[in-house]
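In structure tokens, the next block holds one chain alone, the form predicted on its own.
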């Protein structure tokens, strides 16, 4: 039987409102500059925003399997480095500082790969004029039943009892990479320089001091909510437990992820004359079901019902919460200014 994680006192969770994401990657850069700027981490993107439908990173991760089925581990495959995409070096010196800016364009100096983590960014699916795409925000899911924890023979992966954050003890890690293989979301990376696995730590040094994680705080679209699931005053609790409009990605993976999503609403279709087809949806429900399961239909219907209420002049606390007029309401009490810390993180 798989190793069972210890019960936690409280579970920290997050909600991503996919309807507000700009695809700007500000969250990605916030994480990159704070946590993954050391040797061996060049190719790592602990936070990533992928265009959907798309291959994501590592390429085709949804088809690599992992997680659990009927309580038992599902066979999976270790992603190749080329599927993540190497960190290329570009000819910045020539173009920006060598006086060749009018004669040369930015291009890779190294690498012959044909893939990278944002290779298919902003590429739409469907036929014009009814093409579509949307953005999927991904960090470690900090699962209630982490497949990575169950797969590690060194007991190097643990779940913090006080907040449920899943971490890797790098002093115990021997670099076997069973965790990378077992994670169905493929959110674990391998540091070739240090020979250890590494991943998102949910900015726990910030959390411990009352500061929201960097990718949450830096998001200009107010996409990201964070809070404890049992905190009845938090937006996360209301969106997940009360209104139930935030649902997990690929619940069939069996890891009980604690990152939840408000699925994307769809623009309408155009007919051959260029007129809007009332009541139509451009993003196929079948595709959204493949991501979030059949419960996505109830969520989308609930969102549209609430939107109809506001158009009639009625109030919707749920929509007011999602709109997030005041940013502090999004962070479940983790609103301290990082600039006030003695040792900012």
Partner chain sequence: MRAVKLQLATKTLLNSGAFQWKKVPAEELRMAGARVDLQPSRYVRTVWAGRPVGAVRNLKVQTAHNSRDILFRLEWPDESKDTDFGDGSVFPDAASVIFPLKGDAPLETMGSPRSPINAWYWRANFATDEARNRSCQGYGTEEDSPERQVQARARWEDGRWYVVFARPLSANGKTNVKLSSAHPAKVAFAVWEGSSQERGGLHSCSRQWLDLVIE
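Residue numbers count along the first chain shown, from 1. Bear in mind that the values here come from a model prediction, so they are computed numbers and not experimental data.
Another form, the form predicted together with its partner chain, is not on view; read the next lines as being about it.
A.B. asks: Sort through 137, 76, 234, 258 and report the residue having a heavy atom within 4.5 Å of its partner chain in the predicted bound form.
C.D. replies: If I apply the 4.5 Å criterion carefully, the residue I get is 76.
A.B. asks: If you check 205, 221, 267, 175 against its partner chain in the predicted bound form, which one has a heavy atom within 4.5 Å?
C.D. replies: Among 205, 221, 267, 175, a heavy atom within 4.5 Å of its partner chain in the predicted bound form occurs only for 175.
A.B. asks: With its partner chain left out here, work out from 208-216, 117-125, 151-159, 100-108 which stretch has heavy atoms within 4.5 Å of it in the predicted bound form.
C.D. replies: Contact criterion met by 151-159 only.
A.B. asks: Has each of 71, 81 and 190 got a heavy atom lying within 4.5 angstroms of its partner chain in the predicted bound form?
C.D. replies: Checking in the predicted bound form: 71, 81 and 190 are all within 4.5 Å of its partner chain.
A.B. asks: Against its partner chain in the predicted bound form, would residue 141 count as a contact residue? Criterion: heavy atoms within 4.5 Å.
C.D. replies: Looking in the predicted bound form, residue contacts with its partner chain do not include residue 141, since no heavy atom lies within 4.5 Å.
A.B. asks: Can you work out whether residue 182 and its partner chain are in contact in the predicted bound form, taking contact to mean some heavy atom pair no more than 4.5 Å apart?
C.D. replies: Residue-level check for residue 182: yes, a contact with its partner chain.
A.B. asks: Using 4.5 Å between non-hydrogen atoms, is residue 195 touching its partner chain in the predicted bound form?
C.D. replies: Residue 195: contacts its partner chain in the predicted bound form.
A.B. asks: Determine the residues of 294-325 with a heavy atom within 4.5 Å of its partner chain in the predicted bound form and present them in sequence order; the list may be empty.
C.D. replies: The stretch does not touch the partner at all.
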